Structure formats: C-alpha cells, structure tokens
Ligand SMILES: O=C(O)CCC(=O)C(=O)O
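Only one chain is given next, in structure tokens, and it is the form predicted on its own.
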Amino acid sequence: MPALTFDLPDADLHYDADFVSIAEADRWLERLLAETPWEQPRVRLYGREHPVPRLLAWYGDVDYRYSGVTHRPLPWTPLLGDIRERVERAAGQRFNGLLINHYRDGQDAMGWHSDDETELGPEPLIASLSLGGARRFDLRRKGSQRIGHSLTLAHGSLLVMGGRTQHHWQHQIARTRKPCPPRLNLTFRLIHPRART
C-alpha cells in the first residue's frame, strides 16, 4: 500500500501502513517488549494522583517534561539506534528523543492532547511507529468535541505529523472493549532544550 497524505485543514499528516515488513515488525516488538525497562508514572489530576493508563520509557539525549513529569533519558540501544536511523530517513529530520508507550490491552489509552510543548519548536515534527495490536487514532480540531478524522494504526506502520498540526489538532488513543493484543508506539521527536521556560 502506498503512503497516504491526508487532506485535513491546517494539518500535515503522512501515513505509511507498510513502513516495515511484518516479519521485521514482529522481531522489533518481541525484543522491545522484553528489553525495555518500563515505568508507570503517576500524574496529578484535579488534586489527586493517578497512574498513567499505560507503561512508558523515554530514550534520548535530553530530559523531556510533559504532564508535569520530567523523564530522564535512557541511553539509545543498538536496536533503537537502527530504528531511529530508518525513521529519520523517512521523515527527513533528525531526532534526539523517543517516547515508547506500551498499551498492554484495550484499557490502556492516551487522552486528548497535542504535542505542542515549547521545547518541540514552533512546528513540531512527530514520527510515530506502531508495533503490535492495531488501535484507532482519533483527531479533533482544538476547541471541538467532535472527532474530525480517525485512522487505524497498523503493525509496522509509520505516521508522521508535521507543520501546524499540533497547533490546530488534538489526538488520542481511546479505550476499547474489543480484544486488543499488546501495542508499542514509538514516537520520535526533536527536543530543543534552549526553548524551555
């Protein structure tokens, strides 16, 4: 299947369902599930602490802070270094950070948000590699409660979001009652430490 570009206003989205072969995606998934030192941070919402509804790990060259939590980077592994090079070639940009989210089943989720932290720069480019169970990725315009577009992220696929996407759109991975195998989402980004406030 050829890579797709979506005609959404104020968005720059490119999706390649066949970024890597199923066999290679299977190998990456198996190794990353076994080798990654997963964490489950707690975040404060409405005065109460809650564990985030998924596991995660931050790799890279710099700290990364979001949702009130500062993540200290783990060093790049040889496997993640190789994957990063592949993703950088496809996205046309270098990356110095990688957030891996581990969705253990359909009850693990990511709420509505935009990747628009100051340290990601004025037009963040986020490259999102999916491994494992397919999940629905929803987009909505900021200020709207209605889903504007949905896309199923397949095993071995790559979604690249750039331009003004994060300024005008939010995205989520919603909970589902459907049986869902474990899924890893590798989101590569470029952190600009000097932009921090």
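All figures in this text were calculated on a predicted structure; none of them were measured in a lab. The numbering used is simple: start at 1 and walk along the sequence shown.
Heads up, the form predicted in complex with this ligand isn't pictured, but that's what we're talking about next.
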| query | finding |
| --- | --- |
| L153: touches this ligand in the model of the complex, heavy atom cutoff 4.5 angstroms | yes |
| Non-hydrogen atom contact I173 with this ligand in the model of the complex at 4.5 angstroms | yes |
| Partner proximity in the model of the complex: D108 to this ligand, non-hydrogen atom cutoff 4.5 Å | no |
| Interface membership of N96, this ligand in the model of the complex, 4.5 Å heavy atom rule | no |
| Contact test, all of H113, R183 and R189, partner this ligand in the model of the complex, heavy atom 4.5 Å | yes |
| Residue among Y59, W28, W169, F137 with a heavy atom within 4.5 Å of this ligand in the model of the complex | F137 |
